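Presented below, as structure tokens, is a lone chain in the form predicted on its own.
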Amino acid sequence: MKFLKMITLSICAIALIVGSSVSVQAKEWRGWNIHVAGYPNTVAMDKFAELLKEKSGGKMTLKMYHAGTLGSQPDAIEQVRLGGLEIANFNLGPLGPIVPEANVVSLPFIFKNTDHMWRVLDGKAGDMINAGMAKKGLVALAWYDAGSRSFYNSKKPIQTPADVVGMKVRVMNNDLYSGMIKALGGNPSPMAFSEVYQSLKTGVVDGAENNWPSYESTGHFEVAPYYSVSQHLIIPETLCINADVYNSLSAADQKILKEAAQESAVLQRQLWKEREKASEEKVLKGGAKMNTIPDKSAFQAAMKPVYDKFLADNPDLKPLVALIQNTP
């Protein structure tokens, strides 16, 4: 009887251990996303969660929280780094103050166009940015398209740097963006994305800068109808995971995770192209006035102090900047 009792206890102990292991493996991750329902990133993140569950046989599941419901982007970045959240979709702009390598893509006019950006991210420069993120507790799984960013405001079309002089412009919380506006003679106003509409409406700020879908989906075009195509920033977004969570996975599960992420990125980029076109058409029909800046050379020349200061403060990043600029 004693022997049988020992066997029974052993079996129970093994069952508890196995059950505990399955429970840990099957834990539902939480994902953060700032964008609203229907936005390309939101649809792609939901697809990512679906693919993750399907490809892992239900072992890895993800519950998405959209529209910044779990906090602002800076807060969410810290939560993912510390493990409070497992997965998120971040713009590299707000990541810049934390990850110096990621900050390089925020240098105004560093990319020739979107295709050039993808070539950079798929090459050695992209590997260097990934390595910088990993040092700060984040693992990049895929890159999402965020289009190119241009200026918009409630006052007038922007044609030359002189049109920005004295203008209060909302920027993401990054010294480079503040430096960009200062170099053009404007007054930068870093603030949370969720606060921009009311600030534009009440005159706390005169303008902001973003892509067509964000300009449209937030209703910013209703209170800042002048959209001036400058394409001064082409900043990608990253779908990333907490480094400790990623490193705790088996090689097979890491492969599944990356495959699901890459598939979601293919969807996101296609949806982005469609949404960008639709958003432009919608805001123009809604009364927005668009102009294309005829000559960017004066704006580019004004950025020299921004580059000089950035490289003086970050001499180790000179090779990365040169690598990006020299990528054909």
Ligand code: GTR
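Here the structure is a predicted model, which is why all the values come from computation and not from measurement. Position 1 is the first residue in the sequence shown; the rest follow in order.
In what follows, reference is made to the form predicted in complex with this ligand, a form of this protein that is not presented.
- The stretch in contact with this ligand in the predicted complex, judged by heavy atoms within 4.5 Å, is 30 to 38, chosen from 60 to 68, 30 to 38, 47 to 55, 282 to 290.
- Taking Gln73, Ser150, Asn174, Asn130 one by one, only a single residue has any non-hydrogen atom within 4.5 Å of this ligand in the predicted complex, and it is Gln73.
- With the partner omitted from this view, the residue of Ser214, Gln231, Ser189, Gln79 that lies near this ligand in the predicted complex is Ser214 [heavy atom within 4.5 Å].
- The closest non-hydrogen atom of Asn103 lies beyond 4.5 Å of this ligand in the predicted complex.
- With a 4.5 Å cutoff on heavy atoms, Asn210 counts as touching this ligand in the predicted complex.
- This ligand is not shown here, and in the predicted complex it never comes within 4.5 Å of any heavy atom of Thr238.
- Shown alone here, Tyr246 lies farther than 4.5 Å from this ligand in the predicted complex, counting heavy atoms only.
- Although this ligand is omitted here, in the predicted complex none of Lys168, Ser199 and Phe221 has a heavy atom within 4.5 Å of it.
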